[in-house]
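Listed next as structure tokens: two forms of one protein chain, kept apart as structure 1 and structure 2.
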Structure 1
Amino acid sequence: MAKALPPKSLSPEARSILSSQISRRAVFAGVGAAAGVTALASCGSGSSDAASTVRWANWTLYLDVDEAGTSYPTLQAFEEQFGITAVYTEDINDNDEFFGKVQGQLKLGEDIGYDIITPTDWMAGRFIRLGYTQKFDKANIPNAKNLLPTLASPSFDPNRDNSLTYQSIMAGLGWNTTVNPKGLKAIDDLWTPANKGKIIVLSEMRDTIGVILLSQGVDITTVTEDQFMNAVDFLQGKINDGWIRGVKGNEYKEDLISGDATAVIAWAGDLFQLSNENEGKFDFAIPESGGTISGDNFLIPSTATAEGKKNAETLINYYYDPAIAAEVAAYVNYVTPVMGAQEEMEKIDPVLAKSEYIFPTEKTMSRLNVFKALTPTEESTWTEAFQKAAGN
């Protein structure tokens, strides 16, 4: 059977990514099958005792998967190389939701069931501030030297003692290409009759409100409370008027697949993966007014055992190998934080090695903005206002 080609309605960037993925995944399908099947919820077949297990909670659509959707090739290779069984679960849907699930146990010093978690920058800062993480033994993570210099000293962890970026995330506009054949260039393009009642925005406040603020000409690195609340009022109005059907975490992708959503404020990697899996039905763009960028971070919870911590550091070090980072990036299409990964990507896929969504140039980075760090008071007040508008 001939492969379906990407539809011409896709942006040139998405067409090149999708064409590349179609051919690459067809090749890797045979590799995955030959390597054997690994259960998605619990990879590998090694010993199940704590000393040889690492438990990783991650977001959905955030690790390389084989063509059959039954194993994670890089994680399976990790198990074979180190003899450590990786229990991998897609348990993070929303930062606040995940924090609420584990906070009580962390406060009591009880095992939360994970040795590695991957919250977003601001939430990583909260975990660290509350003493819910363990400092890395940096001797176990020599590949940390490959971290991009621009990510080396974030305000929430200046020396990177407790965190390392897993992937960086661009947020912007996503859409169903059938319903929106001309694409979306600005937030105002969301509000067309065909999308009414079928728009989803992210429950990640800094991304949704960030994109709205940028469309209003606000610098989100210095946003004031009045400006923020004005953007919340704008969001509330669109919800009240029936344009927006929901404010959601990672599950928004299910609404796109089902057709319940036709336009979204969303994350780039998700849309490119959904496009690949649905014959180019979806696309993504950074709005003309700008998008947001942030990072999700490897953290080791304070409740991880000594064995679990060491295994976690082994895994983190493994994913900071440029060749492994490139293989992951080739599937997830998020911005990789690892120096040397672009050169390794050239060996895997020269098209993806030129992708602005994986290896952004200075020109693309100039269109992406980091939401300012909030004080505890601002975080409480602003989050409450956003959650009220979202109906929570």
Structure 2
Amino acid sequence: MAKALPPKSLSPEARSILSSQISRRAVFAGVGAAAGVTALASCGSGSSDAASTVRWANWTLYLDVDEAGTSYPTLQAFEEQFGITAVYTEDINDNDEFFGKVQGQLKLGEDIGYDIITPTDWMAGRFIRLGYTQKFDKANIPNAKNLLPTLASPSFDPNRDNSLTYQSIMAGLGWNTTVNPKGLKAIDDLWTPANKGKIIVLSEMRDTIGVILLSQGVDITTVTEDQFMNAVDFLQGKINDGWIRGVKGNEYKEDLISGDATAVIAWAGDLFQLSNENEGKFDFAIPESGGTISGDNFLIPSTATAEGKKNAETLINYYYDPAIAAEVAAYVNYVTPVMGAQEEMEKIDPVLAKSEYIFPTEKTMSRLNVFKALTPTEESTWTEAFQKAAGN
């Protein structure tokens, strides 16, 4: 682009001011043009464009990544194998937040920009209930047969017509081994003077209250409102008495590392990573009374095009291949829902193949429970009670 320079007769300062103005205007024009193009592109993005792509919104740090942190080996292999371009984004940070973000468009039937999303069980249930998902064409996902039998018929999707587990998450007790040398076997082991004011529980209601309910001998697959509120009162009491310092999400990891927290109701995968990085300073166990298990689920939003849906099914099928599932599990350290992945893991990392965190044994599995599906009314009153206990 030719740019008219200010006349030489001007002082250097004046010239620089003038030329900076010109370039600024040019920049603005450029921005305007770029914005116009983007707007046009987004108007015109129809089915033809989606033919060769699949757009996946996932949680952060939830897929194997190379050391530079720039590419995802299993996803790259998928692209090469099937000739489908995968647009992978870590756009899910929180179930509620994500729901708030896409709900409006789903309601209006406008493209939300993803062909696959991976919300947690209860939120997946909400998506399915509201008709925001599409039924799988099971012929495109033959590997679905590898789904662990325990996960085959959850209450929110009994036939797995709309959802398949991506990873499962166990919740139980985690602790600092120096402060708690004997370990924690039950909720009551938390209340020792050394842990006073240094306990953190998960902000995920179903996990925290679930673990408490189980310790009270309540079956969380059929929990009643009275039983639930009773557990919330118990939590409230422990907060008021200064035992519990926080109700938090993933941030509890930093507090454990810094020593501000010494015992937690937490997710197994996190404690596994922490323990690895800090030479056994931390440990995790499912309490004797039982722990919770939940899953994040592949869903195809109602707004995905036919091509997008087919590509999404191809991708889901790919991640249900035991060898691929093992590769992902070796990185994310969560419970893999794919049968046969353990044998495949033997080839990658024999130590991980024996990990209770990734491949819980039958015995551990029998102590894990899934929180029951809540009705919309229960969901709001129960969440409100839990949030109130957390000070909100």
Partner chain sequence: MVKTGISRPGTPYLLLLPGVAFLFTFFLWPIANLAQTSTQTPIAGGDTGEYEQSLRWQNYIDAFLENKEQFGRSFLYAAIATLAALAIAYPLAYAIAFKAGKMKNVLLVLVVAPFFTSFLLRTIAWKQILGEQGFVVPVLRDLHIISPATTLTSSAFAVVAGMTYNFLPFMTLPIYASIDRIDPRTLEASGDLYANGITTFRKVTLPLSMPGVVAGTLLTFIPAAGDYVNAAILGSPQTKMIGNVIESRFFKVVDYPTAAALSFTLMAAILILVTVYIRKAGTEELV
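Source: prediction; values computed, not measured. Residue 1 is the first residue of structure 1, and the numbers go on in sequence order from there.
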{"query": "Structure that is the form predicted alone (1 or 2)", "finding": "1"}
{"query": "Pairwise rigid-part agreement between structures 1 and 2 (residue 214, residue 55)", "finding": "no"}
{"query": "Smaller rigid segment rotation relative to the larger between structures 1 and 2 [°]", "finding": "21"}
